[in-house]
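Read the single chain below, which is given as structure tokens and is the form predicted alone.
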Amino acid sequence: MTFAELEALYNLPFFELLKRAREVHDEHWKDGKVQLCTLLSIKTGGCSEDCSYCSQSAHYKTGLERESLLPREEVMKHAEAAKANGSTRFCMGAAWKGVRGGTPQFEQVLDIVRDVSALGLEVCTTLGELGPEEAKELREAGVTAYNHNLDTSPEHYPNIVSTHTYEDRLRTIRNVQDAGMSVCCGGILGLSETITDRLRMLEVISSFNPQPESVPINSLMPQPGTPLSENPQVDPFDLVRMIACTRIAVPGAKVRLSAGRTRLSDEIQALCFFAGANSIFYGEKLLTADNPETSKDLALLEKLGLCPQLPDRSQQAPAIDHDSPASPACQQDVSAPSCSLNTGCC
């Protein structure tokens, strides 16, 4: 969708926007089920990147204790517990700039992925930048989806991170898609961005060809010691509007209600589900931040008459739609504020 289309949607009266989003949701997700995902930090802290929202960056004094890559046995305990608690996707995150094939750490990650995959869970990883060969190896090991968020708009991104570029993010996403993995790509609200920045981010994400398999929408949880530690809480109704716009712009994706849920009432979460959210991170931790307890989540889903989705281990990245005007991720022109995102090359 173009920026102009997204802006018109976002500015609709609240209930009109929710009505439209619900219609799109019901058309594409008739079963009304919710995906339950568990996220584990397998390597914590000491990251060389300077993402201004992240307590794991080595650039800031956040008090977070640095931890090396978890041993396979420890990861498997968490994966088995996640499966027992009803999760269908197990996502493993590592605080790295990226990974390089042939290194002991990457080989260890591949071994862990193979073992988690053998449990029958969907396997998601978020390891930073990926080259084409590393992406292929992850896919062959059993990764079904790769998370690589854009965070915010191309214009605002340099204010948030200086150690890599927006084009670096897009290049990794293209490598992931080319390797046959599904893309999980979303953003964070509350990074001192404008509404325009939020919609520009969604414009870029919706233009991916193929579109992402899932789109996490996070609300910033300010971390002590980071440059954004004093940022105010995102207005919950702004979050609901963003969920609704995402559902309309990326109709076939799972829209994941992600970080920041500890600050949301059951009523606001219910509005998010109505607006099109159909995936949550499930468990007590999101990397280094708190998350609602599993029992509370299950109780809320039961109140709303929602059931968990089953795992889909067969999923692959959708094929490129050659009839679509949208371009593959790494062929987008992210510099023009309201372009159709089908010109230029990163």
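Predicted model, so just to flag it, every value in this text is computed and none were measured. One rule holds for the numbers: they count along the sequence shown, beginning at 1.
Although it is not shown, the form predicted in complex with S-adenosylmethionine (SAM) is what the next lines describe.
- Of the candidate stretches 102 to 110, 231 to 239, 131 to 139, 88 to 96, only 88 to 96 contains residues with a heavy atom within 4.5 Å of S-adenosylmethionine (SAM) in the model of the complex.
- Checked against S-adenosylmethionine (SAM) in the model of the complex, the candidates S206, N175, S117, N147 yield a single residue with a heavy atom inside 4.5 Å, and that residue is N147.
- Among L121, L271, V75, L220, the residue placing a heavy atom within 4.5 Å of S-adenosylmethionine (SAM) in the model of the complex is L220.
- Although the partner is absent here, T126 sits close enough that one of its heavy atoms falls within 4.5 Å of S-adenosylmethionine (SAM) in the model of the complex.
- The shortest heavy atom separation between S279 and S-adenosylmethionine (SAM) in the model of the complex exceeds 4.5 Å.
- The closest non-hydrogen atom of C54 lies within 4.5 Å of S-adenosylmethionine (SAM) in the model of the complex.
- Contact check for I188: a heavy atom falls within 4.5 Å of S-adenosylmethionine (SAM) in the model of the complex.
- With contact defined as any non-hydrogen atom lying within 4.5 angstroms of S-adenosylmethionine (SAM) in the model of the complex, R169 is the only contacting residue in 163 to 186.
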